[in-house]
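Form predicted alone, single chain, as structure tokens, below.
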Amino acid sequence: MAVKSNHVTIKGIKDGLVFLLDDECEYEELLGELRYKLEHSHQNILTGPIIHVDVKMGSRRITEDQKQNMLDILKQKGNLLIRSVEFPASEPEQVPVYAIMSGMVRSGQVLHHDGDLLFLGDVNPGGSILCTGDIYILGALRGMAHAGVEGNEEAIIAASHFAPTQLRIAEQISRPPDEWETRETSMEFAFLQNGAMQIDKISNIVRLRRDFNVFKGV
């Protein structure tokens, strides 16, 4: 049997009561109706021996203070024992997921990957890595790297030792200066800015990727 008001429904179940609370009305209005219902209605249900209560909030999200206010109202009835309060599940935090591979990409070899890639090893001259997402190389990039191959212009290419024969991000192609053939630069990454390929120190990557967690020390 269900006893209904505008915003509060009380259902009797086998081992207690379920309070179904409207998730669309103003929260203060909901608390007012809950308080009134407990004080003035259905005394035959809400008095007597200990009754276990499950509270269901629907899709409403509330603060800890709001939750405590609601529990305080319910606890005014000494025979009501709150067993559970059901809130909507929190949306999981979006965490970047990188595939991890190791080895060596030799001349004539091509490594394809769908998504972001963390590669532990070297890419030799004549070797290539192609990814739909980002490319991070813990090793030397002396071959070709193509990130964002399906058109993702936000993709980046980073390497511990940066001496590529060619870089590509989405549709943009950059051939490195001649001096890269004789020296390696360390810990750099390539990205697109206003349609042009740019190179910067990897310590500055957070300027582009604000979703990265940044260690600030104490």
Partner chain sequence: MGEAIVITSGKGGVGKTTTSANIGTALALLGKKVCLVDTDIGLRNLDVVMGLENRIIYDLCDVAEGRCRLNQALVKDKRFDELYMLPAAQTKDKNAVSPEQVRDIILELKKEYEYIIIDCPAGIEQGFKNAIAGADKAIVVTTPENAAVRDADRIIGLLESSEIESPKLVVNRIRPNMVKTGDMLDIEDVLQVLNIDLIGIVPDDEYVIKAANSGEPTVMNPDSRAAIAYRNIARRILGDTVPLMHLDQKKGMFSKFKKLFGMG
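Numbering follows the first chain given and starts at 1. Just so you know, these numbers come straight off a predicted model, no measurement behind them.
This protein has a second form, the form predicted in complex with its partner chain, left out of what is shown; the following refers to that one.
- Shown without its partner, this chain lists R83, K75, R106, H112 as candidates; in the predicted complex, only R106 has a non-hydrogen atom within 4.5 angstroms of its partner chain.
- With its partner chain omitted here, the record of contacts in the predicted complex names 98-106 of 98-106, 129-137, 75-83, 112-120, defined by a heavy atom within 4.5 Å.
- Remark: H146 does not count among the residues lining its partner chain in the predicted complex, judged by a heavy atom distance of 4.5 Å or less.
- Contact annotation for 129-152: a single residue, R142, has a non-hydrogen atom within 4.5 angstroms of its partner chain in the predicted complex.
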